[in-house]
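Take a look at this single chain in structure tokens; it is the form predicted alone.
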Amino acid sequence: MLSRGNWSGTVGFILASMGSAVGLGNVWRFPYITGQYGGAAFILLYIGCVLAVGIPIMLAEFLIGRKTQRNPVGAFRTLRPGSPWVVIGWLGVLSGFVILSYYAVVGGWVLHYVYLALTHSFAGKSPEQITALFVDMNTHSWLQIFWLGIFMLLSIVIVSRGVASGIEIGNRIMIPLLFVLLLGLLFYALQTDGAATGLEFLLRPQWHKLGPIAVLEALGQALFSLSLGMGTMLTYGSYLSRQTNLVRSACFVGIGDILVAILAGFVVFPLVFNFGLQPSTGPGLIFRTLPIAFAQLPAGYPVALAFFVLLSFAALTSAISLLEVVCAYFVDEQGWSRKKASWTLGIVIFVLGIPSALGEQFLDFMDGLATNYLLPIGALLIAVFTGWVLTREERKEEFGAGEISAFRFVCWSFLIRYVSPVAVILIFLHQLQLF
């Protein structure tokens, strides 16, 4: 069997896992829903959901990956040969294809806006002209396909270089730079006139806004932001050595993801409120609202450039984790070389992404397929498998002597058996607008 590769150490693994978790949703969704559902009250609720639901499922994926040293399909074949549980692995591989095909389109949008920032395209533009930049990009399909190709090329090159020499080095460079850029932008944003209003929007506790829907939104954000249910954390865990502390690693990744989401809010909304703009969520915030602010800021050029470079790092680190899930299956199960797998599958995903580049309706359909079905079903099955199918001895054995105390093991087992499955079912019903 070909060498699969391994992380050079715990730090590289944590940065790679953090890179998978930190994505566009941290910037364009979390700040908005925080302000919508109670500000600081929602942040506390979200942190609770990460601790009670997100980290336990992440830990389950790490455990399965390290125990089997296989891709998602191979992992479940190893643990329960000939059983239907292998469908969890297939869901992970399918999710990699589906999500990356449209995520790369949005990643291409980010790269295009890096180019616009580099060429001073926001300077001197009216709000209508800046909005027209996004509309113009969407109406020129060839432009979107070009940037989709560039984004996929970057992802392929990094993944083709291997685990330690490609994915790990890429994340070792991009994740620290992401935090440096984020802190620099935060320092700048807090000097603007809109800082007080922006911080109040995010940090003033509004307990009356915390209801069942807020809880479901917090649960959903915790699940999707941490890249759970799509096989990425399982795949990354499969490259771990037995000496790595899984519990500590999962906690570091969860805390890092929370920090990026909160800091992004501290950056975004002072800039938005500084010019009396309306906060929004999704592409509207990133590609329509914020460039209007950049056009009016005294140091708009470097701020815009730093912001979109930061966003490109967030998009790229998540993309390479998705491509790795797909590649790992073909390397492990089909005996492909890493270069053959990354280039062949990267090109296939590029082709699959073209319909999303040609029309936002198809992109929305693919996003709905992943968000509403593939991810929650995958996360639910992983929680059920780990909590109810694996024996207590199998779960405890993988942690190793002294890695987790008996009390913490009991707490995690309770969460993964009873709390996480129920939470994911509620998220699933909420996504389908049935609850």
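Start at 1 and count along the sequence shown; that's the residue number. Every value quoted in this text rests on a predicted model; they were computed, and no experiment measured them.
This protein has a second form, the form predicted together with a small molecule, left out of what is shown; the following refers to that one.
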Single option in V253, M230, A75, C327 placed near the small molecule in the predicted bound form, where near means a heavy atom within 4.5 Å: M230
Listed range touching the small molecule, judged in the predicted bound form by heavy atoms within 4.5 Å, from 357 to 365, 188 to 196, 201 to 209, 317 to 325: 317 to 325
Distance check, I427 to the small molecule in the predicted bound form, heavy atom within 4.5 Å: no
Contact flag, T34 vs the small molecule in the predicted bound form, heavy atom cut 4.5 Å: no
Exercise: N26 in contact with the small molecule in the predicted bound form, heavy atom 4.5 Å: yes
Contact test in the predicted bound form: F269 vs the small molecule, heavy atoms, 4.5 Å: no
